[in-house]
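Below you will find one chain, with nothing else, as structure tokens; this is the form predicted alone, and questions on how it binds or moves follow later.
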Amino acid sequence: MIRIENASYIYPESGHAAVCGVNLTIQKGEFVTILGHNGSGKSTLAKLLNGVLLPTEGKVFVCDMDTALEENIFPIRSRVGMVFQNPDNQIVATVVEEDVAFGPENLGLPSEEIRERVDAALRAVDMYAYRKHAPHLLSGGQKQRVAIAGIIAMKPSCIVLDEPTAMLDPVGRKEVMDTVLRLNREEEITVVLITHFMQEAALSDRVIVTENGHIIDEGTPTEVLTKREKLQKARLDSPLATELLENLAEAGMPVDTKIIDVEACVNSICTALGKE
């Protein structure tokens, strides 16, 4: 669905090369996480995916449409929606359902279809009961789900989420990630998640690690997130479960260190201790 060919991006003001010669393909229906520390280039890469930024060199294609061609920008952004870190920057109305309706209204859709899209989008993110509420009275997680509903109402094929949980507490992060997973698994929406949270990366189909504008690793969550030394070089931490198991293994306990989730971690430790 998205194809990046030897793309680079240099910020014109500073001359900083934030993305350097990246090649990447994202398939329809995939859930891909782009992981990296602050300044690694992951957010710049995200903005190349729907034409918010255009590559300084190379090409980015969405459904075979070149993002560099002006006539392609509207159809590309109709297919690839973006959710940013701060939901307050995306919420424009004083009532939840009016905010979600903003995008469909700008498409010039009939009022009956707008109503259907708004209701469906709010149900998809489990916010239908709050449709008459004022957004400023919602929690951070609820606001972010409203922002996601506003994108869903446009019926995109892909959603790019640029650190959508960075400003949220653990409860809000779980609300947003549960919503993202449901959209991907049940609605078959392609998801590209930009994050530095290991527990979020572990939920995806594929993890891509960025460092200094380059892709330095790629694979399944288990393949990527259990490489402690490589993650440390990219200034990233291993998942807590993996870290614990590696420390136990170094202490002589026969545990499986290729594990990234808590339940499997507990099972491995119980097995090593001879318990069911």
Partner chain sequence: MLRDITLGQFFPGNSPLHRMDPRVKILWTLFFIVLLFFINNFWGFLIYGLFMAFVIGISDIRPRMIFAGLRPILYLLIFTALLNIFLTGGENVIFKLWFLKPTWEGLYSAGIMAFRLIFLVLGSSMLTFTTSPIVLTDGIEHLMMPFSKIGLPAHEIAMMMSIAIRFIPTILEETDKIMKAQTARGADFESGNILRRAKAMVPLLIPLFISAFRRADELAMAMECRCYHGGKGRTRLHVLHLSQVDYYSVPVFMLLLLGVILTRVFL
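Not measured: the values here are computed from a predicted model. Positions refer to the first chain, counted from 1.
One more form of this protein should be noted, the form predicted together with its partner chain, which is absent from this view; the next part is about it.
Per the 4.5 Å heavy atom criterion, its partner chain in the predicted complex is contacted by stretch 69-77, the sole one of 168-176, 69-77, 187-195, 201-209. Judged against its partner chain in the predicted complex with a 4.5 angstroms heavy atom cut-off, the residues 220, 258 and 269 are out of contact without exception.
Put simply, residue 140 is far from its partner chain in the predicted complex: not one heavy atom of it is within 4.5 Å.
Taking non-hydrogen atoms only, residue 84 approaches its partner chain to within 4.5 angstroms in the predicted complex.
For the chain shown alone, residue 101 is a contact residue for its partner chain in the predicted complex, at least one non-hydrogen atom being within 4.5 angstroms. Although the partner is absent from this view, residue 151 contacts its partner chain in the predicted complex, with a non-hydrogen atom inside 4.5 angstroms.
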